[in-house]
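Read the single chain below, which is given as structure tokens and is the form predicted alone.
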């Protein structure tokens, strides 16, 4: 009973922080003619309510795709329609066709913020609470602390409740999927993850670990017996869920193709804006977007992404375990963020979710990563006038992590999950005992650099000849951090010999 009392307190704290952030500005506030993501979500409500389904993804006089055209999968469109139905009941002006373009008012802002909060309460927050309650071999106090730290992660709060998006829906479905397959509810887990993909196509970042983990389970059960039955059930579940979500768009082949064209717009280029991945950082030295043809860019990004995820995925198929699954989710999502085609700065949230799931196991590295992930979105947050909410939420998160977890005390080889790796290296280099100390120095350097760069960005004007100097530096420094984390998580995966023998449901 006491556990649920404190869990309720934790949820209320998370909700309070979320609502406090929502009182601030949002993307594109008062900035015509395109405004921002807030207007995009409102416009999708306008389009889905006033136009028939067959016109939602097509360009027309009533649906100018150049003005925030719908470019997310069907579940997002259905969600927009549901919100529009409620908006129509409250104030029809909010979604009036054409006339509502750029509509802004305190009442409408309250409505839009409330829709995010309700979606969070229905999908993401229950998944976080249940995940933390299912953690094994830790005390109730640690479970509650884990839930608090995850719910206070500033990146997701600032993007959903500040900038304005519904990332908590797709991430929530993905977390339900993680819970399902980790607890051997494989069909329910597969269904939940299919819902995540059909809400936001960026959830494909997590698709390979789900596929490899479930395939590994089938192999382990034997493809001539129970494994084959499980595989057939999984295939039927995936096909049925996708069919139901896409059914209105299967009436004509052109409908299906148009939706796919909107979901994967290769014409937009290798990356957009200032994103902390390898291609944006590399463009500082060589403008790869201008030098190479588009199809070559796609091939190169595919090859880099495929090669970087291959080792972890093979390991997961051969030795499927919940622990290996979670770390592979981190590694694959980070590889996609760093190397794949058409990446946005907000896509780092797809890496942050599985990192939150291993916060209890590697608190030092997880806390460090989650701080860097929020810092990597600094140019976007400053553009949306969210400096103060960013500072407050980052400080609250950092205080919570250092209070409830021995973050700085857990930096030995064993606690960093690097003991097996260090033992292997010491066979050839006996004096290789300095890795934990090196990581602590890197952490200190990283934090000081982020603090200094934040202060410079806020207080100094960039040179006239280099107006994007600070934004580019933020992306480059963040990218260097992410490359280090990619190496670290892959080392954990490849040198953890216990994966195959672990029979715990959730470590």
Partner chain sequence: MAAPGVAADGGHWFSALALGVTFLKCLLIPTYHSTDFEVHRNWLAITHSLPISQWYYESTSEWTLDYPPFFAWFEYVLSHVAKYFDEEMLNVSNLNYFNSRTLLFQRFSVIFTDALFVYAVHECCKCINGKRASKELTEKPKFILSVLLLWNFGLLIVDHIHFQYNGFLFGLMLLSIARLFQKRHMEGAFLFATLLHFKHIYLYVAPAYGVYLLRSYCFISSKPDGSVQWNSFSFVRVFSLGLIVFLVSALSLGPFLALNQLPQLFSRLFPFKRGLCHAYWAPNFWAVYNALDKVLSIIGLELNLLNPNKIPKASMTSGLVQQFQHTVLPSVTPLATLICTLIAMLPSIFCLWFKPQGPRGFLRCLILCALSSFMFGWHVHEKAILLAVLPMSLLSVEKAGDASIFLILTTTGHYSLFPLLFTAPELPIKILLMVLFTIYSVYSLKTLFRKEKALLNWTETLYLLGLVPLEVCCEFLFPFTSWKLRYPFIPLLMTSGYCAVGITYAWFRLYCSVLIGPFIGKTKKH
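Predicted model only: the values in this text are computed from it and were never measured. Positions refer to the first chain, counted from 1.
Not on display, but discussed next: the form predicted in complex with its partner chain.
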query	finding
is_contact(residue 296, its partner chain) in the model of the complex, heavy atom dist at most 4.5 Å	no
4.5 angstroms heavy atom contact with its partner chain in the model of the complex for residue 393	yes
Its partner chain contact at residue 215 in the model of the complex, heavy atom, 4.5 Å	no
Its partner chain contact at residue 246 in the model of the complex, heavy atom, 4.5 Å	no
Which of 230 to 238, 374 to 382, 142 to 150, 340 to 348 sits within 4.5 Å of its partner chain in the model of the complex, heavy atom basis	142 to 150
Contact residue in the model of the complex, chosen from 74, 189, 389, 320 - any heavy atom within 4.5 Å of its partner chain	389
Its partner chain: the contacting residue among 110, 429, 291, 99 in the model of the complex [heavy atom, 4.5 Å]	110
Stretch 11 to 39 - residues with a heavy atom within 4.5 Å of its partner chain in the model of the complex	12, 13, 15, 16, 17, 19, 20, 21, 23, 24
